[in-house]
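First, one chain by itself: the form predicted on its own, in structure tokens.
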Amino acid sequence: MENQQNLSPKARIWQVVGMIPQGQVCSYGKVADLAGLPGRARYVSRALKEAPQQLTLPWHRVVNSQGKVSLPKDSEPYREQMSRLRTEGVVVNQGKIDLSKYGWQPDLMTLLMALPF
């Protein structure tokens, strides 16, 4: 793994998003925090939009702080995200995901060894 101190902010975001397990979600703000970029939730959104396709990031596992998909409900990307989440077993009730049940909580070892602070 590349030295985390040398990773760009976008690369740190991509690394964190790539670690979100199947069947779990993480908010934009929490991804920013875990990438060492507190308060940069909107930057996470931009970084995901600009990610190279070959990274095959699980972008669909990132939701807003209320547990909702942050895309227009009538858009194809919204339907794609909802479909992928449901395929992974994430329950979406009235457009909302229960973050206490499906929110990713990295364990201490992950925080110490794998995440770019």
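The first residue of the sequence shown is number 1, and the count goes up from there. As the structure is a computational prediction, the values presented were derived from the model and not from experiment.
Form predicted in complex with the DNA: not shown, discussed below.
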Is there a non-hydrogen atom of Arg84 within 4.5 angstroms of a non-hydrogen atom of the DNA in the model of the complex? no
Though only this chain appears here, would Thr56 touch the DNA in the model of the complex if you measure heavy atom gaps against 4.5 Å? no
In the model of the complex, does Gly29 come within 4.5 Å of the DNA, counting heavy atoms only? yes
So, in the model of the complex, is Tyr78 in contact with the DNA at a 4.5 angstroms heavy atom limit? no
Can you name the residues of 32-47 that have a heavy atom within 4.5 Å of the DNA in the model of the complex? Gly39, Arg40, Ala41, Arg42, Tyr43, Ser45, Arg46
